[in-house]
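Listed next as structure tokens: two forms of one protein chain, kept apart as structure 1 and structure 2.
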Structure 1
Amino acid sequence: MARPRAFDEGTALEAAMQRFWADGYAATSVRDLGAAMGLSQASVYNAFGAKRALFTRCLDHYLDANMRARIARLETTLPPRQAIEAFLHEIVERSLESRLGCLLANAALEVAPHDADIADVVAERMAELEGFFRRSVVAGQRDGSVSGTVDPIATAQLLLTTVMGLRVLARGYPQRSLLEGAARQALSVLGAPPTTTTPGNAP
């Protein structure tokens, strides 16, 4: 009968994620990860597999607490166009708070070009964000808040590109006016937001 693990997996993943996030994939060894997690190298391999497998787990741990949590919150609490706008606004704020960037964007730049398996993982995770934007655009067209002439797929791809670009740009040039201007320009493809009238101003 296998013995229960003597460590908290969530805490260990958080520690490994922080190490990958701060130092990058290539510069982080299994020994570094073990030291951060409070585990021996053998324990790291036994619990999480090789470095690539652990990185994938850390990436999902990061996304669960960030992108996926944000999507779930905005989709369930805001109308579709406002959900898109709020997502980009929060990305700008998040990007200005930390110079570490986005772990997903960092992986796309550093690891994916040299590792086909990680490239596939990155592409699948980015598709989740693209899916959120596509669903929101379609729903916005249904409620009239998004122009009916825009292509949902192309618009979702543009918004995905904008998010990744904002995250990368902010690492070297964290200027609020620049980031907000880029986000505002991307949102303009949705068309002018609907105007609301009050009873006193109604024709």
Structure 2
Amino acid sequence: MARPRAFDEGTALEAAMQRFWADGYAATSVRDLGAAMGLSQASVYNAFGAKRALFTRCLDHYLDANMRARIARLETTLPPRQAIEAFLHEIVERSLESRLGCLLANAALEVAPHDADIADVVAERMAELEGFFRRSVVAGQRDGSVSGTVDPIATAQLLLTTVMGLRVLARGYPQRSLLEGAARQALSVLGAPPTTTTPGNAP
């Protein structure tokens, strides 16, 4: 064919994603992105096109590597209630490790209102996360780990809202007790924690 690329596209995409994640869309210049990727500006445009196109690639990469991977891992390895609990706990831990927050939440606030295409992606992926919570609540009600009286739809909506709220607090008010308290109280709507084999203690 012709001269091959001297860089790995996935690695470069990851580096660019980190920059967008840390600094936001508007505050990250294409020169910054090129430097982070180890490429000249012209190579960035040659490989990924305009800045906006690169951002959508990064957003996709983020969602695949983080949100979707987490959902798939938890949903296949844990029973439903534990999957929900683990998801929130992981969000809390990640939020305390760094103040990056969530690229999806960042994009929702900064970019989505001014870009219909990205707004569609954002809404779609949020619906995806909402769906994970809804499936898990329903499955939890089926296996008895989640109270049968709660509304799975509203509960999934609250959990989605809680995740997004935690991501905002991660950047603006990052205190462990706050994030843990909010997560714990959100989980309380699922009803009494599963008491393994011992008989339940419902009121």
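Because the structure is a prediction, the values reported are computed rather than measured. Definition used throughout: the rigid core is the maximal C-alpha set that superposes within 1.5 Å between two forms. Throughout, residue numbering runs from 1 along the sequence of structure 1.
Looking at both structures, it is structure 2 that matches the form predicted in complex with another copy of the chain.
In the core-superposed comparison between structure 1 and structure 2, the C-alpha atom of Gly49 has shifted by at least 2 angstroms.
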